[in-house]
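The data below hold one chain only, encoded as structure tokens and taken in the form predicted alone.
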Amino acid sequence: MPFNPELCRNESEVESKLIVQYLLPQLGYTPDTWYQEVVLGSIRLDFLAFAAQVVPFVLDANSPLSVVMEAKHPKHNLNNHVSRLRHYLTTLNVRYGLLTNAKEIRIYEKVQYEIRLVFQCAGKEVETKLKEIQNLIGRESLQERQNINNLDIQISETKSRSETKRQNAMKTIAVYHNKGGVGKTTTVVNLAAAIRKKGKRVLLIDFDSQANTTFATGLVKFDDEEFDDIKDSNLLQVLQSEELYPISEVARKSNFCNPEIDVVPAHIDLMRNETDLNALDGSRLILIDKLEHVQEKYDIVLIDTPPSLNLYARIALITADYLIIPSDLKPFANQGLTNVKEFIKGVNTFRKQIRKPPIETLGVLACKISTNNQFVKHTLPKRLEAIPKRYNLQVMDTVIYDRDDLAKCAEKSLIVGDIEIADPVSIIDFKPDSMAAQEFELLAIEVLQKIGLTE
């Protein structure tokens, strides 16, 4: 049955009559290769279609080629929606985007961080132009292009191994906010798992005397302080001694995720030893030196910091190359950003004295965000816009929502004899097809891109 654009009187009819009933079948997409109303972090897509069946779908460098399809009201000018489509394609690493209001159909192609118009026709011309559209974004055409791309990638990887090795030097990222309860530890441990899934070798360092990351990665296997096997080999000993307790000896394997990650645990003794440690000459530089000895062993070092302005937070930021600032965007967390900026300023003064460049802030990461539909539509955009305006800090593209799955995977436990022992798992391993897992997948992609680590 021919398509008649006059039958599309609103956005919903553009979606159902043009995209679902006409374009997707004509382009060879079956129900198992396309999704409608996809939410990925702060991005909301009308349609996402893949060249091959992907269950669950994951967007990364190894994904089948895909197409974003956006439907607009027939009275809307498509020019007003091009920048939004550009954001979708470049952020999600999707090659093609179709934009239509039924009166007009456009196809854009992503070229690095920009998009270019590669096809345009009136809605009433779609039947006569169908072959051109199929050649661009038809499922068979994308599959053929995928095979060619895979071959090109193999050739490129072979030629550039030495260059990649230089580029992929170990990167250290601190996750810091002086306000507690903003989702910092949940972010750190699940980001570590998501990056590890991409084949990167990850070391996680817990700088908080509350040892939340140590607990969250399942390293506390005792129920009584009498059996505490962390007390004598943790971050405190690493920072107290220049010669003893190298990272390679203190770091522990954690099966919190698969593949495993290494974790330098924290202990409550950090709290009462802070004053003594502060008096030690060179205490702020010991970790930098010890990490140099394992730089061939890890690609990424993630540091979970205490929610304070103390010595441990300072050492973490002196050590790190990059900084992520998690925030639930609530008033106290936002007001705390002023303290964070002042703290960073002081840290950078010290870094300059030791001839270390300023720490690079990757952005404020929205965490523990309510999934309430009205909040997401109306309040969240305003809170995100306020960060660069009020605090001159960039906001990361990814949003981590407050989802039940994140709590459930952190609360898993084992019964060993008569005691119950915490046995948490990452959201990536607990429920890989969940929206929470997808959000951390997107965060890992964004972080790796921003720090220049190719996948």
Ligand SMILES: Nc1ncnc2c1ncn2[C@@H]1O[C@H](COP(=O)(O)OP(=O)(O)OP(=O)(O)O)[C@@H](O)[C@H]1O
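One rule holds for the numbers: they count along the sequence shown, beginning at 1. Everything numeric in this text was worked out from a predicted model, so none of it was measured.
Although it is not shown, the form predicted in complex with the named molecule is what the next lines describe.
Of the candidate stretches 376-384, 185-193, 294-302, 109-117, only 185-193 contains residues with a heavy atom within 4.5 Å of the named molecule in the predicted bound form. 179 is the sole member of 179, 139, 267, 197 with a non-hydrogen atom lying within 4.5 angstroms of the named molecule in the predicted bound form. With the partner removed from view, the residue among 406, 49, 396, 40 that has a non-hydrogen atom within 4.5 Å of the named molecule in the predicted bound form turns out to be 406. Remark: residue 123 does not count among the residues lining the named molecule in the predicted bound form, judged by a heavy atom distance of 4.5 Å or less. Residue 402 belongs to the set of residues with a heavy atom inside 4.5 Å of the named molecule in the predicted bound form.
When contacts are judged by a 4.5 Å heavy atom cut-off, residue 208 counts as touching the named molecule in the predicted bound form. Under a 4.5 angstroms non-hydrogen atom cutoff, the named molecule in the predicted bound form has residue 212 among its neighbouring residues. Residues of 72-104 are not found to place any heavy atom within 4.5 Å of the named molecule in the predicted bound form.
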